[in-house]
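One chain follows as structure tokens, the form predicted on its own.
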């Protein structure tokens, strides 16, 4: 019997503190997944909306994108309530958003689309504000077919877990730097992800400059008392900084960073396809 996740596609999110390289990782994974034949919808939940630039959208075009969370007409059309109305009034809890990708998705490649989700900026609106209700509905609707993947660049920090947008996702990558502040945010994110029953969690440590950084991360995990996650260490590389904002070409270069990304991608690909480690060969991992 096939796994239910495979029957409906695969839902993958990337979370972490601002500035740790979350959006860069999403862009690289989008490139690798599409290169492997998957149909990918990259959803940008970060209010900075830098994912479009990282995926190669020209600046002048990226600046014209209006995220769903700020599309007042669409929110009211689908939920029956005006943005900012909070808890008051009638609100459709299951709005029909089957047209969202067709109306607002930006086609970047034949098998890669971008959807600017945006985030809920109001404080104390809880889970029943129209904007959040719409974003949750979009996450439920998208990716229902085999070979389709939604890849979400979440809002920086752990606060978005409280809105339940990622409920039902199969994999969460928590990105961090080997610093105490970033690691504490990562720890909170992993704790909240387990409360949402996300079955697979991976810790991705970016900008690692050597064994000392790796040992610092391992010591933090031991002290924190959290269940030890599968961990991946991405070395610091000036080459990646030189390529920003469009970072995909780093995958064509040889080096330790590319090798580390390919190792992570290999494990993600095995989760998606439910294959054993032996099926992810060196040929599969070369971009």
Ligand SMILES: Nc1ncnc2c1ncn2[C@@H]1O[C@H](COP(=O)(O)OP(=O)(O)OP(=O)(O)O)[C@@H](O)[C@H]1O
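Residue numbers count along the first chain shown, from 1. Predicted, not measured: the structure shown is a model, and the values here were computed from it.
The form predicted in complex with the ligand is left out here; the points below concern that form.
Point to revise | Distance check, residue 22 to the ligand in the predicted complex, heavy atom within 4.5 Å | key: Flag for residue 22 set to yes.
Point to revise | Partner proximity in the predicted complex: residue 235 to the ligand, non-hydrogen atom cutoff 4.5 Å | key: Although the ligand is absent here, residue 235 would touch it in the predicted complex, with heavy atoms inside 4.5 Å.
Practice item. Give a yes/no on whether residue 241 approaches the ligand to within 4.5 Å in the predicted complex, heavy atoms considered. Key: Looking in the predicted complex, residue contacts with the ligand include residue 241, since a heavy atom lies within 4.5 Å.
Exercise for review: Indicate whether the ligand has at least one heavy atom within 4.5 Å of a heavy atom of residue 11 in the predicted complex.
Suggested key: Because no heavy atom of residue 11 falls inside 4.5 Å of the ligand in the predicted complex, the answer is no.
Review point. In terms of non-hydrogen atoms within 4.5 angstroms, which of the given stretches 30 to 38, 224 to 232, 65 to 73, 241 to 249 touches the ligand in the predicted complex?
Key: Only one stretch qualifies here: 241 to 249.
Exercise for review: Sequence order please: the residues of 196 to 219 with a heavy atom within 4.5 Å of the ligand in the predicted complex.
Suggested key: Residues within 4.5 Å: 206, 207.
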